[in-house]
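Just one chain is shown here, as structure tokens, and it is the form predicted on its own.
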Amino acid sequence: MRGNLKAILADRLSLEERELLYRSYDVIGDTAIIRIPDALKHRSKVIAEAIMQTQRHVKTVLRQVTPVSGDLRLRKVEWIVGDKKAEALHKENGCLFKIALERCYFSPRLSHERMRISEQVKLGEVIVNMFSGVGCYSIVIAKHSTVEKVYSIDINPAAVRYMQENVKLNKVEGRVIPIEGDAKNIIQESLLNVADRILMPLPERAYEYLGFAAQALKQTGGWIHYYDFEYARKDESPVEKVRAKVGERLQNLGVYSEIPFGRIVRTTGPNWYQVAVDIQLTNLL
């Protein structure tokens, strides 16, 4: 997320046009992805050229045409200016990620979360990443911790292929294990009671898969890093709402849990939030 788009375009668009703009945009490698309302679509090139002039490392600007959606978390984009290419090479936290921008999900806005979790990993831990995408969480953890193995699952074949390439690119072969498939099936077939820590960075499906996450933990217990989208009015805490929802779900599954940490990752819409909570489970015998 870079800059304030409204400020960048102060001398190029009218006040009425600037009021329609989204304030921020994503930069993935040397590619900027911007959302432009239909009412400003005819001004797309002006907006894109302004970004390239103020962000000198940006070589391509794409317009996001559809929101992120579906089981594979994909979005449609269209080229506006710059180099015409379908891939980006993104640097983050000392790691490199090759990403197919329309075929794989990736958010640069989760960089802090990836490092936050990697700093909690202890010597020799085994981790199951249930929704790995191109491998960002898994690879950052492997590069910045003494983890033993990260089993990295994703249902998107294209994401798994890029994950395999990113594992080699970052020299973490043997520690990050890419696996193609549905996490619930993979866990039940081969990853029961193996993990010290579970990653669930897919807010759309995390609640549904929570029981399978608990099954993947060692019988002595462990941690689940859980993400969700939550609606909250001004007098409500989205973090506390997620805490209550998750606690009740695990209680109904017969699992004892504590949730010592939660935070708002970002705002996703009016009164909507992406929330992260760290869940500690014990006594799963």
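Since the structure is predicted, the reported quantities are computational estimates derived from the model, not experimental observations. Numbering starts at 1 and runs along the sequence shown.
Keep in mind that the form predicted in complex with a small molecule is missing from the display, and what follows is about it.
Stretch 128 to 136 is the contacting one of 170 to 178, 128 to 136, 210 to 218, 78 to 86, since its residues have non-hydrogen atoms within 4.5 Å of the small molecule in the model of the complex. The small molecule in the model of the complex is approached by residue 182, whose closest heavy atom lies within 4.5 angstroms of it. A residue is said to contact a partner when one of its heavy atoms sits within 4.5 Å of a partner heavy atom; residue 197 fails this definition for the small molecule in the model of the complex, lying far away. For the chain shown alone, residue 71 is a contact residue for the small molecule in the model of the complex, at least one non-hydrogen atom being within 4.5 angstroms. Residue contact with the small molecule in the model of the complex: residue 90 places no heavy atom within 4.5 Å of it. This chain is displayed alone, yet in the model of the complex one of 153, 147, 117, 101 has a heavy atom within 4.5 Å of the small molecule; that residue is 153.
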